[in-house]
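Only one chain is included here, represented as structure tokens and corresponding to the form predicted on its own.
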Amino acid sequence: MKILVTGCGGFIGSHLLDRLLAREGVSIIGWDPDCKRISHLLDHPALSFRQERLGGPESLARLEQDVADCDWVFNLSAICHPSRYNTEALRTIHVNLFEAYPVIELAARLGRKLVHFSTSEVYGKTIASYLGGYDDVDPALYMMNAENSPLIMGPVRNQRWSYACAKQMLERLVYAHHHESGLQFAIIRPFNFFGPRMDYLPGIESEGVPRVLPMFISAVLRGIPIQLVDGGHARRTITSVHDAIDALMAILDQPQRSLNHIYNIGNPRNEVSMRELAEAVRQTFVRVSGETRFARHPIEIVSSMDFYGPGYEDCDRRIMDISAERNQLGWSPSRELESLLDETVAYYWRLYGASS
């Protein structure tokens, strides 16, 4: 079996390659401009690595040949840092829509099975948020179901939704190709995958504003306050990257059952507010390091305007229905929040904290 993986050098892609290359009879063609996270795999005889971005006539010609040579296409290439959605909306739209577009078109034209990574952001805001909250309301007004939930974006002036809209358009493209040209697909909507090799730690590995967990971990390691945007009231469900890869393997292993569906990949048992997550990170550092001082690490409140800039709007809650995923894939997440935080924090503590 030969598999093309775009975005193979990212957080999720690197874990996917680990799992795929451990299998007999699997060969990989991987595309990514960055190879730091997969440096341990570059000499693997079953991996052919293209260190380049999608886009441009020469790369498109190579991409077409690679899609033709493969049985499956896993399309993970994306910009997925919330701080960039409203500050770099044009680039966000271009990378997440136009650079990914040819991958889908080629998979459809050449008849290859496609596993396309979307985002839980396509759900936007919940109906319950417009009705004043979650008390005494039908769970259908906030529980996200891949088949039936509406996708509610904010106004155009709030460019935070540029990422979600680009990803939603690609989902519709995939679905249209399925109905009109027979494309076999699985669409993945990830819900906050956490684990080693996440994003980057700002101020340590790079500059910028990645997703929430690297921000919290970096703040503790650097001895600066953890910042909670708008009080940290937004709620998210946290998922181990290992559980996520289990779901991808389930799709790969049973295509007759798994294909032509959209999947919520997340762990509803791990729902927390961002304030609760900040406290959990402090306690995790205590467990990992053995140093009680981390329990008192400072936390400060910042506004979304100051943190993200104008044009940002947050979604209030993301909790998903995974009954279809259990039934269709035979998959359920098993890693609890404490264990996945232990693994992730320990990884970065060994790299940057243990000797300081």
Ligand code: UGA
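Note that the structure is a prediction, hence the values are computed from the model and not measured. Residues carry their position along the shown sequence, with the first being 1.
This protein has a second form, the form predicted together with the named molecule, left out of what is shown; the following refers to that one.
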Can you pick the stretch from 231-239, 280-288, 149-157, 250-258 whose heavy atoms fall within 4.5 Å of the named molecule in the model of the complex? 231-239
Can you tell me if residue 85 lies within 4.5 angstroms of the named molecule in the model of the complex, counting non-hydrogen atoms only? yes
Going by a heavy atom distance of 4.5 Å, is residue 222 a contact of the named molecule in the model of the complex? no
Is residue 161 near the named molecule? Define near as a heavy atom within 4.5 Å, in the model of the complex. no
4.5 Å heavy atom contact, residue 34 and the named molecule in the model of the complex: no
Contact residue in the model of the complex, from 76, 174, 107, 274 (heavy atom within 4.5 Å of the named molecule): 274
Could you check which residue among 263, 123, 185, 193 gets a heavy atom within 4.5 Å of the named molecule in the model of the complex? 193
Within 291-323, the residues that have a heavy atom no more than 4.5 Å from the named molecule in the model of the complex: 307, 308, 312, 314, 318
